[in-house]
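First, one chain by itself in structure tokens, the form predicted alone.
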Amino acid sequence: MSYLRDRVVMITGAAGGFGALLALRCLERGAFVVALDLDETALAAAIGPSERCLMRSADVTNISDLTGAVAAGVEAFGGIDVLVNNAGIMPLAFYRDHAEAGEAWARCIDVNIKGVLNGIIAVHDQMISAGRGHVVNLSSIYGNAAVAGSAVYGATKAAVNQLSESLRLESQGKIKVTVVKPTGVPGTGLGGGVINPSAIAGILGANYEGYMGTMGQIAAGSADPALVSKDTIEYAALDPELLVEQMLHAMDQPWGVVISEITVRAANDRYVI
């Protein structure tokens, strides 16, 4: 059985990456889904038609977009049981890159902090009134400690951690809170927002050169098969599907059980935090 069956899951950033995969897997487990993204056309292409999925264009930095989505979910499916604050961007850059990165940093703060806060605010009263709910916030290992090249992005993810823990403390017995801290997961498109590719070195330290060589081999299809097999200890780069499976595990629990924090990594991923 699936505890997600007939629960209503609202997912931001659902047109690609983790969000699209998660929406599809929730539907497979019998959930209703409210899928949100800036690009409604991409949303429809990623998820496809389903009577159990309501798709809406929404900007997470606009609170009225999210409160409107909650109202639509309540009207269509009776309520919102689970919110997944998935939308986020990753403009890695050094302080010296401020001229090129400034606009993207400002957007990162708006999406990664304000967007998560807006999502919490939008569902809070409805979940408290219903007597139960679950908020899943996408953070990152970058939020664990400061590293060179990720000052703004890391700060936004540290803020997500604080927002999450504060929500847990304020709403115990009413709202479950799960924080998901992905490592680097190629294939999600998140890396497309990186301003200075060298900024990834901070989270890899002395492993940077070896990591980049391995990723180049994987991209070219010339890597040792052990590096791309999840069944080997040498597995070097996590497939998005594998992270989504573990997110689903955290979500697909009885109401009385909460997995409060989860980090999933490839056994050989080389990240230092």
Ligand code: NAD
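A residue's number is simply how far along the shown sequence it sits, counting from 1. Predicted model, so just to flag it, every value in this text is computed and none were measured.
Omitted from view is the form predicted together with nicotinamide-adenine-dinucleotide, to which the following refers.
**Student:** Could you spot which one of Ile195, Val152, Leu190, Val136 gets a heavy atom to within 4.5 Å of nicotinamide-adenine-dinucleotide in the predicted complex?
**Tutor:** Checked against the cut-off, the match is Leu190.
**Student:** Heavy atom within 4.5 Å of nicotinamide-adenine-dinucleotide in the predicted complex: which of Gly79, Pro91, Gly202, Gly184?
**Tutor:** Checked against the cut-off, the match is Gly184.
**Student:** Is Ala104 close to nicotinamide-adenine-dinucleotide in the predicted complex, meaning a heavy atom pair under 4.5 Å apart or at it?
**Tutor:** Ala104 lies outside the contact set for nicotinamide-adenine-dinucleotide.
**Student:** I'd like to know whether Met10 contacts nicotinamide-adenine-dinucleotide in the predicted complex, with contact meaning heavy atoms within 4.5 angstroms.
**Tutor:** Taking the distances in the predicted complex, the answer for Met10 is no, it never comes within 4.5 Å of nicotinamide-adenine-dinucleotide.
**Student:** I'd like to check something about Leu38: if you look in the predicted complex, is any of its heavy atoms closer than or equal to 4.5 Å to a heavy atom of nicotinamide-adenine-dinucleotide?
**Tutor:** Although nicotinamide-adenine-dinucleotide is absent here, Leu38 would touch it in the predicted complex, with heavy atoms inside 4.5 Å.
**Student:** Wondering, does Thr67 line up within 4.5 Å of nicotinamide-adenine-dinucleotide in the predicted complex on heavy atoms?
**Tutor:** No.
**Student:** Tell me the stretch among 165-173, 82-90, 68-76, 124-132 that has any heavy atom within 4.5 angstroms of nicotinamide-adenine-dinucleotide in the predicted complex.
**Tutor:** Stretch with heavy atoms near the partner: 82-90.
**Student:** What residues, if any, in 43-82 have a non-hydrogen atom within 4.5 angstroms of nicotinamide-adenine-dinucleotide in the predicted complex?
**Tutor:** Residues within 4.5 Å: Ala58, Asp59, Val60, Thr61.
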